[in-house]
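The chain that follows stands alone, in the form predicted alone, written as C-alpha cells.
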Amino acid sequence: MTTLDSPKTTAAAATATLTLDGATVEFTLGETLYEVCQREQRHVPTLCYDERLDAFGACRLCVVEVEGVRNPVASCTTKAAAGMVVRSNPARIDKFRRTLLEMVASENRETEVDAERGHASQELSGLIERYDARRDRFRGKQSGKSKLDDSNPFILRDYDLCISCYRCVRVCAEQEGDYAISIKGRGFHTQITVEFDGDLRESACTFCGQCVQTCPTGALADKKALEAKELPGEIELTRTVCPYCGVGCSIDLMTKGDKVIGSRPAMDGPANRGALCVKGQFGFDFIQHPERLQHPLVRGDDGELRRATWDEALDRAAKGFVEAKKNHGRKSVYAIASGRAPHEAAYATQKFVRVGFLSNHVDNCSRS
C-alpha cells in the first residue's frame, strides 16, 4: 500500500448511493438529506437554515419522506444513509409545508417587506407566494415585541416580524463569537433580546450586521439602507472588495441610480464568506458625503487653500517631494494610504515610495 493510493481509497470508501425521487444519486458519507437535495436541485424550503451555521431543524419546512420511517424527517438534521429511499416533494409534504407557512404568516404583522432590509429578508414572502399560503388562517395571539425605540444608528429591531428561527442568535454566536443576542421566554412570550433587555449599543454587539443579513423576514433590518427606500429605481448590486483593511472581504454595494444606499457581505466571498466588520457593513457614507473634496486644493502665499487644476496641484506636490529628497534624504518621505481609497491607489502609493524613494516607509491607516 502506497501513500499515493491512500487518498483515492479513502475517497472511494466515503461515498454511497440512495434513491431520491426515483433516481439513484451518489452522496458523501456525513452529508445531510438537505445537502443532497440541494446538490440534486430539488426544491426543499427552509426558514431556519443558513449553510454557515450548524443545522437546527426548528422550522420543519425542510421535511421529506423516507421510506420505512413513519413520520416526515427534517432533512437538514438527518444524515443520508446508503440505500435510503427519499421523496422530497410529495403532495402530503407540500400540504404540511403550506400549513406551517400559514401558521407563521398568520402571526406576523406583515410578510411583504422592503428588500432594503437585508440579504435574506425576502425568504418568507417568497415561500408564501410559492406555496400560495393564506395569511389569515390562524389569526390570534402573537409573539415578539419590537424595540423600535432602540437608538442605535444601524440596526432596526422590528420583532413583530420575528418567527423565532434563531438564525440571528446562532450567527452571532457561531460566526462572530460575540454572543450579544439571546432568547428569553417561551411560547408566545419568546423574545429576541440582549443582556438586561437593553439597547444594542449597551450590549456586546459589534454591529457587524450578520444578524441583519441572515434574518429571513426583515425583523432585523439595515436602518441606513431603509432611509433610501423612497428613492426611485430598483436596487442594483455591484460586486467589489471592501477597501478598509488587507483581509479583502467581498461586498455587494447596493445602489439606486447613482447613489450608494448600502453594503452587503458577499455570501460566496472567498475571504469573508458572508462576514463583515462594522466598517465594511455600514461605513460607506464618505462616498457621497457633502464635505468630500471634489477638486484639488493648493495653499497660496497667504496660507489659505484655494481651488486649483490637477496639473497645478500635481506639479506642486512633485516639487515638494523632489525638494524633500534633495534636502533631507530619501527616507524623509513617509506615505500613509487611506483605507477609503481604491486598492489601485494603495498599490500606486507603495510603488511611489518603494521605487521612487527606495524606501519602505509606507503604511495604511487601516492596517490593524
Partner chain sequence: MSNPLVDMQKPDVIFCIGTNMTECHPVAATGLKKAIAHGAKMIVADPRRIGLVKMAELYLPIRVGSDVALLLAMAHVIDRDGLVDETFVHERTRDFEAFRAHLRDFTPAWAAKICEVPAADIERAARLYGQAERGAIYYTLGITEHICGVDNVQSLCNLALMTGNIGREGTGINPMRGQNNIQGAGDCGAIPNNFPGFQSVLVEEHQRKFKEAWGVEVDRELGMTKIAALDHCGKSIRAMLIDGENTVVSDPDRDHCDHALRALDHLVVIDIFRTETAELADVVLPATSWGETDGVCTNTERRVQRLRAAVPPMGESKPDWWIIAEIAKRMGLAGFEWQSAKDVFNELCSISPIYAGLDWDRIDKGEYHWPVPTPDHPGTPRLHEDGFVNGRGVFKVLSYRDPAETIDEEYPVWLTTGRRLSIYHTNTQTGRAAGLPWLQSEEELEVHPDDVVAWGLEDGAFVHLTSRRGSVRIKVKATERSPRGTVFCSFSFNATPVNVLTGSGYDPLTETAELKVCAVRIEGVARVEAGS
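Small disclaimer: the values here were computed from a predicted structure and weren't measured. What we label the rigid core is the largest C-alpha set whose atoms superpose within 1.5 Å from one form to the other. Residue numbers count along the first chain shown, from 1.
The same protein has a further form, the form predicted together with its partner chain, not shown here; the description that follows concerns it.
Is its partner chain in the predicted bound form near all of Val63, Phe138 and Glu195, within 4.5 Å of a heavy atom of each? Checked in the predicted bound form: no contact with its partner chain for any of the three.
Only one of Ile235, Cys277, Val169, Ala105 comes within 4.5 Å of its partner chain in the predicted bound form by heavy atoms, so just point that one out. Here the answer is residue option Cys277.
Exactly one of Asp132, Glu230, Asp285, Asp149 has a non-hydrogen atom within 4.5 Å of its partner chain in the predicted bound form; which residue is it? So the residue touching its partner chain in the predicted bound form, by this definition, is Asp285.
I need the one stretch from 41-49, 304-312, 65-73, 24-32 whose residues put non-hydrogen atoms within 4.5 angstroms of its partner chain in the predicted bound form. In the other structure, the partner sits against 304-312.
Examine Gln350 and determine whether its closest non-hydrogen atom to its partner chain in the predicted bound form is within 4.5 angstroms. Gln350: yes, in contact with its partner chain in the predicted bound form.
Test of understanding: in the predicted bound form, would Pro296 fall inside 4.5 Å of its partner chain by heavy atoms? Within the cut-off, so yes.
Looking in the predicted bound form, any heavy atom of Ala120 within 4.5 Å of its partner chain? No, Ala120 stays farther than 4.5 Å from its partner chain in the predicted bound form.
Is Gln175 close enough to touch its partner chain in the predicted bound form, meaning at least one heavy atom pair within 4.5 Å? Within the cut-off, so yes.
Which residues within 320-336 place at least one heavy atom within 4.5 Å of its partner chain in the predicted bound form? Going through 320-336 in order - heavy atoms within 4.5 Å of its partner chain in the predicted bound form - the hits are Gly320, Phe321, Val322, Ala324, His328, Arg330, Lys331, Ser332, Val333, Tyr334, Ala335, Ile336.
Answer yes if the CA of Arg52 moves 2 Å or more between this form and the one not shown after aligning the rigid core, and no otherwise. It does not, since the Arg52 C-alpha is displaced less than 2 Å between this form and the one not shown after the core fit.
Comparing between this form and the one not shown on the rigid core: C-alpha of Glu291 shifted by 2 Å or more? Comparing forms between this form and the one not shown, the Glu291 CA shifts at least 2 Å.
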